[in-house]
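Encoded as structure tokens, the following chain is the form predicted alone, with no partner shown.
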Amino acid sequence: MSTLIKNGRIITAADDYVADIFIEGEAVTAIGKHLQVNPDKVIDASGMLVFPGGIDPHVHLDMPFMGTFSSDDHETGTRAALFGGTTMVIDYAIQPHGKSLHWALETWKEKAAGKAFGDYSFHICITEFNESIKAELEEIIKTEGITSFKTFMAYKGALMIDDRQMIGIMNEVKKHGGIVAVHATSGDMIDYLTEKHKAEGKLSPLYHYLSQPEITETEASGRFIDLAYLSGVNSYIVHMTCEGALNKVREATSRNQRVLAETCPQYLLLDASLYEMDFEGAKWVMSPPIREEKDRETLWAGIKQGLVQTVGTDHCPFMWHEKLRGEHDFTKIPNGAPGIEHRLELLFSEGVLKNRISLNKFVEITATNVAKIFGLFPEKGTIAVGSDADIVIFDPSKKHTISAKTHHHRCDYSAYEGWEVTGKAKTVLLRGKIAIDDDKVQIGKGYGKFFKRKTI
């Protein structure tokens, strides 16, 4: 099957030009003006923007958490992603205490196999580190193609590791060319503040936010950066939310240390006043929490300055009845919110159209940098001859309103209910096949493919 996309304005992290794209099978085989080819199908992209398919580096699908599971699995989650122009996700496979890294990887592969609409890979969350886990890392990286490992400095008693374990992980991952990512908030400080608020009878969602003030993220980010400096490992801070944490990254550059950082649309667009809406604030209970206006402005600046390289979603939805578990105790509210479908349209509407970022930067933070950092480039993350034909034909003038009534997440509320945005994916191709066209799915579940990754 061959497809010709004609007359689109092609945007990559480096380029902006009008041309045709010829696709044969799963890959792009020619790019140029007025291509003389005989395709099976022609798509006229006149007046449209043509981007590489988005890659979301941070999702939690079918994830066990706080006695329940995130409500989107690999079927509904990757389908919702495709509607928004994200053709690949990198999910988190979690190693429970007492289980191996291979167990985590195989368990999450089974969750996705035969169900995913979009392409996918995994990070592995290491929740304990010992000689047995250490012995697995080389094979996981070099044979299984999983090159990134997430650690937690919070969720004490469940996911959190101590600094000694962190150093051990960093040293071993560095040896084999991988990358260590971190949820950087201080578990001990958060536990202290949580217990303090509970003892005082302060149990509304507002106190989830007040139990995780900016200093808890700033301190942990700085400590992680110092440990990474000691070990020399490739390092990546997930879902950064605040000025203090970004300043720790900025300070690290003065000693020539490279620290990669990710943020999310909710931290760029929302603010902590949402937690004052009585229990409705539970919709935005996530960790770290949404912060203040000065943090939003700092993060946008950090993107422009190249200090923040990627924007993921931390997509981790729960149905409203699950959130109601914490109606009388904020510590029982499952942490997370939906967002996988809306990343590109929000960043285009609120970022590009409001002159916060350029079109090239938009592609860089949603696709290209993710592919480069996590060993998928140039197969993914760009439009080039030889690359996978993961392509979004995007209508830059299409106005629409985000709502739980129309989104494709398996979640009965939206984190962006009522937001009016401009720009929407019209046609999405995944490895040469039309996956979405005019808001309809054109592929079957199971088309999504698992990708091994290279070290960087």
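Here the structure is a predicted model, which means the values were calculated and not measured. Start at 1 with the first residue shown and count on from there.
The form predicted in complex with dihydropyrimidine-2,4(1H,3H)-dione (DUC) exists for this protein as well; it is not shown, and the discussion that follows is about that form.
- In the model of the complex, at least one heavy atom of His239 sits within 4.5 Å of a heavy atom of dihydropyrimidine-2,4(1H,3H)-dione (DUC).
- Within this chain, Phe152 lines the site of dihydropyrimidine-2,4(1H,3H)-dione (DUC) in the model of the complex, having a heavy atom no more than 4.5 Å away.
- By the criterion of a heavy atom within 4.5 Å, Arg431 is excluded from the residues contacting dihydropyrimidine-2,4(1H,3H)-dione (DUC) in the model of the complex.
- Cys316 belongs to the set of residues with a heavy atom inside 4.5 Å of dihydropyrimidine-2,4(1H,3H)-dione (DUC) in the model of the complex.
- Only one of Gln309, Asn247, Thr76, Ser287 lies close to dihydropyrimidine-2,4(1H,3H)-dione (DUC) in the model of the complex, with a heavy atom inside 4.5 Å, and it is Ser287.
- Residue Asn335 is the only one of Gln165, Thr218, Thr194, Asn335 with a heavy atom lying within 4.5 Å of dihydropyrimidine-2,4(1H,3H)-dione (DUC) in the model of the complex.
- With the partner omitted here, the stretch from 413-421, 397-405, 39-47, 57-65 that lies within 4.5 Å of dihydropyrimidine-2,4(1H,3H)-dione (DUC) by heavy atoms in the model of the complex is 57-65.
- Taking dihydropyrimidine-2,4(1H,3H)-dione (DUC) as it sits in the model of the complex, the stretch 158-191 comes within 4.5 angstroms of it through a non-hydrogen atom at just one residue, His183.
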